[in-house]
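There is one chain below, alone, in structure tokens, taken in the form predicted on its own.
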Amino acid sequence: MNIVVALKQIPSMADELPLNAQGSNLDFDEVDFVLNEFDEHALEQAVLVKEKSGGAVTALGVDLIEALDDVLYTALAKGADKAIKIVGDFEPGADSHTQAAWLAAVIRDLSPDLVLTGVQAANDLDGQIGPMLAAHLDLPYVGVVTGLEVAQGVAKVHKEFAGGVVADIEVDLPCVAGIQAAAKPPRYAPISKIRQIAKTAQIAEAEAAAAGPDAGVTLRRMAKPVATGRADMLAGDAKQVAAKIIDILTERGLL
């Protein structure tokens, strides 16, 4: 079983997100990056499949920032067998459409039985890496996956739909799956183990392929929300507050 997991780093949502001087994107020199939460679940699901069905896991990412090495060493410490980073002359803000083209070019040469990625990334909520990988590789895709097992050339996938509806689907391998949650919580890798891996493991490099002129979108402008008003705090007991609300709604023509 040859499993490939696509990993993406995103700006930490726990920190302030400064914009660059042009207002065209974030100031990536001032932003801390973390592994996308859904990709962390994809990695865990890949290792779970390997542990149950055998095979090997390859962790793959685009080297947009230097900290990708730490992510890949952590993936190796958690159970991945090989790590590859895609290198090239590109900006940290490359969109998911472009990254999908780079990832697919490398994944195709790996001839995987199963490709896993996070269902979406928290920084753009685009959710297109998985479907576009499947399109580039001409493979079936299942998204919003919360459990996955492999047996006899078939992936048995637990998929969620809107409104709390769930389904169990069988998909012939090879295929691509967008993981929303692994069957178990992502495992913890001790810092000591990650440091030891970093001393001994090798991260392979692959040159980024040409993404094509229509591979992505152009971000023209980014700005922080502007405060345009304030909240009116209504004092008094329940009847007084209710009367004031009615007055406000009447004044604004809503009643």
Partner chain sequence: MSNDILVIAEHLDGRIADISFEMVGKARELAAALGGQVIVLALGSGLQAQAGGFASHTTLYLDDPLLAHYNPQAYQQVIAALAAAHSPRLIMLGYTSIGMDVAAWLSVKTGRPCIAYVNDIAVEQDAIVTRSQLYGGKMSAESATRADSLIVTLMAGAFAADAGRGATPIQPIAAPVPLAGLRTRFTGLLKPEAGDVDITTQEKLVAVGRGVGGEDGVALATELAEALGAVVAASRPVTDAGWLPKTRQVGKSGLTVRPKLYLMLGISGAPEHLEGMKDAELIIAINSDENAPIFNVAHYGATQDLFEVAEALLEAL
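What we label the rigid core is the largest C-alpha set whose atoms superpose within 1.5 Å from one form to the other. Residue numbers count along the first chain shown, from 1. What you are looking at is a predicted structure, and each value in this text was computed from that prediction instead of being measured.
Just so it is clear, the following notes concern the form predicted together with its partner chain, a form of the same protein that is not shown.
Using a 4.5 angstroms limit between non-hydrogen atoms, residue 136 touches its partner chain in the model of the complex. For the chain shown alone, residue 141 is a contact residue for its partner chain in the model of the complex, at least one non-hydrogen atom being within 4.5 angstroms. Mapping the unseen interface onto this chain, residue 91 falls outside it, with no heavy atom inside 4.5 Å of its partner chain in the model of the complex. Using a 4.5 angstroms limit between non-hydrogen atoms, residue 160 touches its partner chain in the model of the complex. Heavy atoms within 4.5 Å of its partner chain in the model of the complex belong, among the stretches 58-66, 201-209, 224-232, 45-53, to residues of 224-232. Taking its partner chain as positioned in the model of the complex, the residues of 157-191 that bring a heavy atom within 4.5 Å of it are, in sequence order, 158, 159, 160, 161, 162, 163, 164, 165, 166, 167, 168, 169, 170, 171, 172, 173, 174, 180, 181, 185. Taking 2 Å as the criterion, residue 13 does not count as shifted between the shown form and the other one: its C-alpha moves by less than this amount when the rigid core is aligned.
Put simply, residue 136 and residue 124 come closer in the model of the complex: their C-alpha atoms are 3 Å or more nearer than in the form shown. A change of 3 Å or more separates the two forms for residue 124 and residue 139: their C-alpha atoms lie closer together in the model of the complex.
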